[in-house]
Structures are given as C-alpha cells and as structure tokens.
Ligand SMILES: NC(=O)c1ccc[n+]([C@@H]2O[C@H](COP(=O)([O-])OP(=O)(O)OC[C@H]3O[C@@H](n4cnc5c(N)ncnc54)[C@H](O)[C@@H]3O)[C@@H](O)[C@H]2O)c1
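First, one chain by itself in structure tokens, the form predicted alone.
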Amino acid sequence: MRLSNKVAIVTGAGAGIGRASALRFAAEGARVVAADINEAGAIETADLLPDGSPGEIAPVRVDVTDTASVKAMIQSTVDRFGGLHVLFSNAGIMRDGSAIDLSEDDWDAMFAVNVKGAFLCAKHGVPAMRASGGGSLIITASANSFYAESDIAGYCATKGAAMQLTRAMAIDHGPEGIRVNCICPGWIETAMAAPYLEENPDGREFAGKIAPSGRIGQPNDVAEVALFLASDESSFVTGSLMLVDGGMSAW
C-alpha cells in the first residue's frame, strides 16, 4: 500500500506506459484518474483493474494541449477524490523525420503534446498538489532527451525540452513540498514503437542489441519507476532524470 490515501492522475493512460502505471498505482492503494484523449482506451484501462483492488480508477477524456480540458481534468479529480498528490504527465506522440523532412504540422503537434501538455498539467496541477500538502509531479521524457538518433529531430527536441522543464520546475516548486522528476525510457513495447518494429523485420533484434540488457523494455518496467517516484520512498528525489533504457545510453 505504497500509495494508500494518495490521489493520482496519469495522462496517456489509455495504453502502454500510462495504462501500466495507472494499474500499478491503483494496486498500491491510490485513487487514480486515468486520462487520455482516447476515452475508450481510458475506460478499458479502468475495466482492467481486478475486482477487490485496494485502489480505484476513474477514466476521463482529456486533451493535454487544451487549457480548458486540462483544468477540467484537475478540477474533476479534486471534486471527486478530495485532492491531488501525484500527477504523471505521460501523454506523448512521435513523428519521424529529419529537420528537413519533418512537416511544420508534425513539429507543432509534438511540441503541443510533449511539451505544452506537460506545462499545462503542471500549471494547473501544481496548485492542486500545493493545496493537498505537496506531492509528486512526474513527466515522461525519453532517453532521446540527451541521446539523439537519426530521423527523429523534432521528437528529440521535445524530449530535451521536457527534461529541462522538469529540472526548472524542481527548483521552483521544491520549497512547496512538490517533487518534480522525469522518466527517460528507451525502447519500450508500446504503440509508439509498434510501427518501427512491424515494418522492419530486424527491428526487434536491433532494439534488443543496442541495450546491454539485451531486450526491449515493457510498460511495467517504466511503471515500477513511476511508482517509486510517486511514493514517499522518493521523498529526497527531485530534479532527477530516471533512465529506464536497459543501458542503451551507457554505450
């Protein structure tokens, strides 16, 4: 019961890392709002919670790029559960392309979700956590925050921005009892990685080989780190960049 009496929001909770984290948080006693732009996915996440779980999951539709939508998500959480202690800003998208090939629309879309989305969650979530006595804000960045790869220039740029946003907010909000950390996953078996793995016959083998661990990560590998950062066990951890990449960036 590492999150007993905690209220948490997880964005991008309709699949992948967000789904695994929402389920893991609820298993540890949290009352969780599973938020996603895909409402059906969020509902499915809530339905996956076993009967008798010590926590609960409430599905909510949110567009993290829209101020009104994010404010409504925060307010509905506080109204329903009485506060907010953990906010996992996990929603993210990827579009392939070098700076030359990437369209302006794709560039704008990635910055809207990956950076503005984290900003809006913090802007409206931090006051709610402050009113609840403090809390933990977690942002999904990436190994690509500082480990660049070809043909994903815009994605690397957004994740670098997410990393620095994390560090700046840790400084700003530490005195308020709010910890801010980011998780930096490598190759994880999610819908984001699926197109590459499906289109490239050797993609899975390649993704495994570039990590010393020798395998692709699973969503729950990231969820376990998110759980640590959400819990009081990480009470002296803030401004950190938690790599979950099987050692890929250690080469």
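All figures in this text were calculated on a predicted structure; none of them were measured in a lab. When you see a residue number, it is the position in the sequence shown, counting from 1.
Omitted here: the form predicted together with this ligand. The next part is about that form.
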If the cut-off is 4.5 angstroms on heavy atoms, which of these, A40, A191, L48, A68, is the one near this ligand in the predicted complex? A191
Interface check vs this ligand in the predicted complex: of L120, A91, V126, M110, the one with a heavy atom inside 4.5 Å is A91
Wondering, does D63 line up within 4.5 Å of this ligand in the predicted complex on heavy atoms? yes
Interface membership of A141, this ligand in the predicted complex, 4.5 Å heavy atom rule: yes
Taking this ligand as it sits in the predicted complex, is A15 in contact with it (heavy atom to heavy atom, 4.5 Å or less)? yes
Is G186 close enough to touch this ligand in the predicted complex, meaning at least one heavy atom pair within 4.5 Å? yes
Partner contact check in the predicted complex: of 207 to 215, 50 to 58, 24 to 32, 178 to 186, the stretch with a heavy atom within 4.5 Å of this ligand is 178 to 186
